[in-house]
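Below you will find one chain, with nothing else, as structure tokens; this is the form predicted alone, and questions on how it binds or moves follow later.
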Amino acid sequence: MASFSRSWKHVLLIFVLTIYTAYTAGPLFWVALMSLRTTTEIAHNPYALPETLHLWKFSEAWVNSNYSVYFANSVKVVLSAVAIITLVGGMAAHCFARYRFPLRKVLYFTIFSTIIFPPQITIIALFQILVEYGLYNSLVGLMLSYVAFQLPITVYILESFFARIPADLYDAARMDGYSEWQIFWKVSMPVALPALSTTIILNTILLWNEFLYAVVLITDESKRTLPLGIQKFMGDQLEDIGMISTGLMIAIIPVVIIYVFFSERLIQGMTAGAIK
């Protein structure tokens, strides 16, 4: 009887996961199919499989719609921001987890409290600051905004992981003559690699799709990131559903590739427990 009950629970779990997967992956699969079809074919039968793979649409969207510029801008901004977030966030998290210093709790609470506030309330102040320092409508200003936006949650995630590292590792490193700087690079960072990988992947995916700060802080065509390019592309191709789907897939494919190749590392970092 117990075995029968477990079997039914297993079947029910698989059923629920199948429905959820279809619900979440279905729209992505549909957009992928439409990206390979023309608008005429889609209008004739929106849900049919493509009879001919119109791969030329990707090159046309890439060249004629300035996607190459948008893509390059996104790569520059996102990779730079993620590198700074990871480095600064790792250092801050290490200090909060391993050292006791004046105002430590106040600083940590201040950083953590910024996670509570929605980003919309910071837009006006951020706009004024960037204008004052000549960083408005620049990729550097947008990158720094991304760093400020994502740094608190990164510190929060990494601090809890660094705090689990046994103190014996640090004591052994000090006995071997390591400086505090060497301890950070040769002990903390290698041991915390699963958590670092998780924050890198999450920050990359989130910033790659970020729209709010980009639409407010960037106005020049040559400095648009990919989400802004998609918005402009949808306006230019308002009635061409097939080409809009192709443009969306160009932005989606990098995120899918990141998840396919790094999903295991992401899961390992999110489920990492106490370190032995």
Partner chain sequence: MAFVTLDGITKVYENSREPAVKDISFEVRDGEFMVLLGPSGCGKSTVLRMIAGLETISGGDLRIDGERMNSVPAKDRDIAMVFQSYALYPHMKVRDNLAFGLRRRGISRSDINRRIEQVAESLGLTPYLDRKPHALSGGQRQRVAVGRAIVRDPKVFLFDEPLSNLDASLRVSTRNELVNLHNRLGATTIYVTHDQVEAMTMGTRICIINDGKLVQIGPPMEVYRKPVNTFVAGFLGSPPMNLIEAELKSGADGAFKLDIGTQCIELPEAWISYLQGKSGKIIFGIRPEDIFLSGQDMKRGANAAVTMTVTAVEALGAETIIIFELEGVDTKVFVKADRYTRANIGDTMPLSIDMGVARLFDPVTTKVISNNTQLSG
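Residue numbers count along the first chain shown, from 1. This structure is a prediction, so every number in the text was calculated from the model and none was measured.
Another form exists, predicted in complex with its partner chain; not displayed. Remarks below refer to it.
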Would Val75 show up as a contact with its partner chain in the model of the complex if we use heavy atoms at 4.5 Å?
no
Residue-level question: is Phe71 within 4.5 Å of its partner chain in the model of the complex, judged on heavy atoms?
no
In the model of the complex, does Ser197 have a heavy atom within 4.5 Å of its partner chain?
no
Non-hydrogen atom contact Pro190 with its partner chain in the model of the complex at 4.5 angstroms
yes
Go through 148-176 residue by residue and record those having a heavy atom within 4.5 Å of its partner chain in the model of the complex; state none if no residue qualifies.
Asp168, Leu169, Asp171, Ala172, Ala173, Arg174, Met175, Asp176
